[in-house]
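We begin with a single chain expressed as structure tokens, specifically the form predicted on its own.
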Amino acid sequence: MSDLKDKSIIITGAAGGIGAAIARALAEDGARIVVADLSEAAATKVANEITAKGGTAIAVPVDVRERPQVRALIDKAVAAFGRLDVLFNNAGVAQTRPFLDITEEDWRFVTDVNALGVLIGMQEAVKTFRKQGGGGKIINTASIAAKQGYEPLAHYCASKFAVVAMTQAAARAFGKEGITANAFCPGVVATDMWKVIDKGFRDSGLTHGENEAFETFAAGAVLGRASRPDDLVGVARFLASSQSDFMTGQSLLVDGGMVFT
């Protein structure tokens, strides 16, 4: 049984996929949810679904690459719910490029969202936690691509390795203030992001059939199937709750057994 009732929780990239699944589940636990996403309309749809079921949620548009927008997001959460307890840095993008075809523009696009966006979110959350007197939880969405490099996803992998590194660094930096930082690492999850990855494989001539890359990668899971967004809810609930209070700097693989470390 989680103890998330009335906790103020921001989830970026919460308009779909893993983020939306977590938002709905934690709202059912009684948490007060800020559904943050680049698309205000999509975020509002998820927030409305939550409130229609008796939960508490607001939608806030945000581009996680822009510090003023992230600062405004956190301030809106505090204004609506009185404080911030947990920040999920979940927003992310993926892009498929053969290694030699990755351009500077490609690199900046992927790493600005996946790495810089996480850095900004963590920094601004810590500032708020300190104003509140200390304590707080940061939970970052990494990936199996934070544990192994995959071609043709080198820049995506680099961005997710960075998420793990920042998670560890923040844990060391702020642990004595009662602020924890952890991450979880999904595998091959049936979301719109993997549709983008799969299309990239086809466009690069590396695969030919629709869902071929998805199915090939998913076949590596020893539990015998691809992940679903709901598969990440349990670890998200644990990391957001007091049950994980004595845990920090960790990156938990939740991938059906694709990567062993």
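Heads up: residue numbers just count along the shown sequence, starting at 1. All of these numbers come straight from a predicted model, not from anything done at the bench.
The following text describes the form predicted in complex with a small molecule, which does not appear among the structures shown.
Partner proximity in the predicted bound form, defined as non-hydrogen atoms within 4.5 angstroms of the small molecule, places exactly one of 24-32, 193-201, 215-223, 47-55 at the interface: 193-201. Although the partner is absent from the chain shown here, none of 75, 121 and 249 has a heavy atom within 4.5 Å of the small molecule in the predicted bound form. Within 4.5 Å of any heavy atom of the small molecule in the predicted bound form lies no heavy atom of residue 86.
With a 4.5 Å cutoff on heavy atoms, residue 63 counts as touching the small molecule in the predicted bound form.
The small molecule is not drawn, but in the predicted bound form it has no heavy atom within 4.5 Å of residue 240.
When the small molecule is considered in the predicted bound form, residue 183 lies well away from it, no heavy atom lying within 4.5 Å.
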